[in-house]
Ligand SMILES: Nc1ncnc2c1ncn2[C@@H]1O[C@H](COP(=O)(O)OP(=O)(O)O)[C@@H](O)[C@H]1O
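Taking the form predicted on its own, here's one chain by itself in structure tokens.
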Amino acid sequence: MRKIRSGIYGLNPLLDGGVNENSTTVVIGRSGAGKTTLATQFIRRGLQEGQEGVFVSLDENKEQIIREAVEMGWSDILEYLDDELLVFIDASGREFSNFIRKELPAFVADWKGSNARIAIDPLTPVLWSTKDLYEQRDLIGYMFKQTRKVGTVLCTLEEHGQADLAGPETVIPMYLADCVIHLKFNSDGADPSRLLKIVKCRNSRHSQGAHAYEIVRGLGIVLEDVDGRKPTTSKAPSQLRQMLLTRSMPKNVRDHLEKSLDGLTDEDFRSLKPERVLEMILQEYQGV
């Protein structure tokens, strides 16, 4: 399988090099786990490579998603919109069966073979639109099959069960997807914890473990060091900037990363070590 860079710092090595091209990935997690952040990172990484991006919103409107991206420090999304490299399809509030059966094929006919990245956020309203499990499977399966004709697909799915992936809404998308990523978010207590686990990835080796991650403004989701040690350095953003100056990389990549660090403090990095963050950044852009 041909691999494409995910845009999630530290994830590619866990997927044996990246996301399988023309596959469907489902990202499952509770509210606050970072699902939309991950979907936006995935789309944005493709835009950096010159791929077109399609963001299909089934819940929040286009303006809200753009506002959240800008607040994350990704204001370049506005430039991609102006250049028509990024397209939003706002399906929130629609009758989803009609949207999937009648409107989606017209979109696929226009975009087929474009090798775009497609984010669908979230799948949950489609499942809630009918209680019939056969119809749910039919709708989701049809949506996956059609959108893969356009390019590589990443969908988010809300998790409502208390136990790991115990909610009935997860069963059908997990079965139909090529890759399933679980964002485990525990918001209890003063220090929320987040763990990423790859549940399955067809036609590819993948990590079997659970990996802690942080959500950092400007960078998005960043996996922590696998040994779990606390940082041994201070002044993390300024040290990371200095490290960038010593490493060879394309100017546009360096400019993008320096801009991402603007306004960050040591608190944003928490248990992330600057040298580990730099290593993951270089892995993401190696060979670009």
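Residues carry their position along the shown sequence, with the first being 1. Everything numeric in this text was worked out from a predicted model, so none of it was measured.
The same protein has a further form, the form predicted together with the ligand, not shown here; the description that follows concerns it.
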{"query": "Proximity to the ligand in the model of the complex (heavy atom, within 4.5 Å), stretch among 209-217, 88-96, 144-152, 129-137", "finding": "209-217"}
{"query": "Candidate site S31, T37 and E71: all three near the ligand in the model of the complex by heavy atom within 4.5 Å", "finding": "yes"}
{"query": "Any non-hydrogen atom of R194 within 4.5 angstroms of the ligand in the model of the complex", "finding": "yes"}
